[in-house]
Ligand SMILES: C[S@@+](CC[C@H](N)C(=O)[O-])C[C@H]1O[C@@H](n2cnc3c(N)ncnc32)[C@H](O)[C@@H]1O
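One chain comes next, on its own, written out as structure tokens in the form predicted alone.
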């Protein structure tokens, strides 16, 4: 495919997404229809699509409309590239840009920085003078991080195994087990190091959330909102720790047994009905449902799907989870609350409200990671009674 044909493909996919089709479904449907597209073509089209979704507001302003075509015109203008060679109308290229397809200046900082208008005051309140730089970071692609599985390898062994397959990875300062992939990221899933369980794909801040826990042999640990199980596996990499994984949607855990076997990290799946049988726990990690604002680089559609009403619903869910789990912990145990959000309403405010309502509890640890530090945005706090 030519560069122009890739842009035309991105336009068509973006129009589907703007019409309500989920991002991954639209990309998959296009790939199935376009057997002629090679792996580099698919990767380039995917990059165009995700970049346009991350920067939907600013690209729409620069491109003259919130349509697939408008977003891609805006993307080319934002990059300072010429439109005429790409929008030529020849063969599979998009049609020539007309005089009516003019861009405009940004109306607000929120538009320039690609944050929903209603959210921008909350964003500023939560992040202060870092709000603009965090929003700018969210306009760009996230780095690729790996977790070294210490059950099977140390950091130097994992780095060497990856390098043998032309994957260049270096240590990341957020966590001792974290690597940042500098070259060859698209090769990871087929690499021997990944297939043999030496490494797992996991953001460095997510690893740091687990590393912040004082995990010792003999502890019984519940990963309450386990999702795909990445943190469960990181927990189970600590020798002698018994890990239980739970999620209200069991389908999210369907791949965890095979992942745990590959990693050599035993994890016991627990249904909601079985939780009381296994309680109390020494440590509970509650990576609660949230806005996902810290991972909007990876899942940018979530930025535009979030509403004020949904944010309020999420804070109520988060508070209810803390209340529920507080009764499932041993005396002196640790309840670790976490989110992949950078909004104070979901983080410190939720914890502070819980502590205010439960004076027997205290906070022993709190930390926030921002996307400007080279990780996803995460928050965690440790609570004890």
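Not measured: the values here are computed from a predicted model. Positions refer to the first chain, counted from 1.
There is another form of this protein, the form predicted in complex with the named molecule, and it is not shown here; the text below is about that form.
Using a 4.5 Å cutoff between non-hydrogen atoms, residue 231 counts as a contact of the named molecule in the model of the complex.
Mapping the unseen interface onto this chain, residue 287 counts among the residues with a heavy atom inside 4.5 Å of the named molecule in the model of the complex. The closest heavy atom approach of residue 37 to the named molecule in the model of the complex falls outside 4.5 Å. Residue contact check for residue 62: none of its heavy atoms lie within 4.5 Å of the named molecule in the model of the complex. Stretch 218-226 is the contacting one of 78-86, 188-196, 218-226, 139-147, since its residues have non-hydrogen atoms within 4.5 Å of the named molecule in the model of the complex. Note on contacts: among 282, 268, 180, 247, the single residue with a heavy atom within 4.5 Å of the named molecule in the model of the complex is 247. Just one of 351, 27, 328, 321 comes within 4.5 Å of the named molecule in the model of the complex, counting any heavy atom, and that one is 321.
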